[in-house]
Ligand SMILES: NC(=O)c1ccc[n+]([C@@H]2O[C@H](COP(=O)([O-])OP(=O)(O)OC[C@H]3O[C@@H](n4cnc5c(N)ncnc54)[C@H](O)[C@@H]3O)[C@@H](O)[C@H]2O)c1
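Taking the form predicted alone, here's one chain by itself in structure tokens.
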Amino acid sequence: MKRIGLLGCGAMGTQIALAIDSGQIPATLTHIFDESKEKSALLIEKLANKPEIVENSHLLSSNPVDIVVEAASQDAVRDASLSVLQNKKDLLIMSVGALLDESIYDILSDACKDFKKTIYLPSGAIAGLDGIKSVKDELESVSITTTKHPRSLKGAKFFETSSSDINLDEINSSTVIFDGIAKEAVSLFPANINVAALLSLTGIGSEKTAVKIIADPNTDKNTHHIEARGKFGKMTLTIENHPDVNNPKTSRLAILSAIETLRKYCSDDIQIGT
């Protein structure tokens, strides 16, 4: 049975841990870490099988685990990912936006080859990535329009650095708050728009993937509308996700995708999809 280390004990990490604890993922959660000791302790209370809390993120992979699951932040990816691979453990990353930094991507890609380990990036809140990945070499344009309730966007770096003086509490109708490229979007909305990062890594790159973010106070869903065009033809995908009840910045589908990726990693079974 696979042994899993968990980095991040917030809403997403908790749901992944519960899926392991219930047997939905055929594995054992052996070690956990969160910058907040309170979050780690709260998670332990919810689990029948108690993992060990380690003192820092690097100790996760120094223990006998098979894979470390990152469900924390882009900063956690930057800080801990290389040591996971150097300790010859596989890695599942949810904060995919960190990989749009080309230096980080190249370092981790080389480390995968050097240490013969794998980084897994779940499909997250978007369906259809299999299709986009299969036509990658024939893509000419890719765009994603994400619509969320203003509360799902609160706390984003964009509102600290933007000169537009947007006040989310004053938005009373559907409003475009960002129109640019994936590389900019992921930097300005690090906890809100990992879907754009994943799409750009799958397709034609972060500087060619167009991103539009809309705040709509009348929606109760996170909606992603994707258009991809090229020699192969055209793909149009629209996904409406319910936000996670414990963290509106995260789509429920993103959590389910992480659980399914781990279940697939830990199972000897028929594998469907690429």
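Just count from 1 along the sequence shown to find any residue number. None of the values given here were measured: they were computed from a predicted structure.
This protein has a second form, the form predicted together with the named molecule, left out of what is shown; the following refers to that one.
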* To do: Determine which one of 152-160, 172-180, 131-139, 193-201 lies within 4.5 Å of the named molecule in the model of the complex, judging by heavy atom distances; exactly one does.
  => 193-201
* Asked: Is residue 11 close enough to touch the named molecule in the model of the complex, meaning at least one heavy atom pair within 4.5 Å?
  -> yes
* Contact of residue 39 with the named molecule in the model of the complex (heavy atom, 4.5 Å) -> yes
* Asked: Can residue 254 be called a contact residue for the named molecule in the model of the complex at 4.5 Å between heavy atoms?
  -> yes
* Asked: Should residue 63 be counted as a contact of the named molecule in the model of the complex, where contact means heavy atoms within 4.5 Å?
  -> no
* Structure fact -> Exactly one of 35, 216, 52, 227 comes within 4.5 Å of the named molecule in the model of the complex through a heavy atom, and that residue is 35
* Relative to the named molecule in the model of the complex, which residues of 85-109 have a heavy atom no more than 4.5 Å away? -> 94, 95, 96
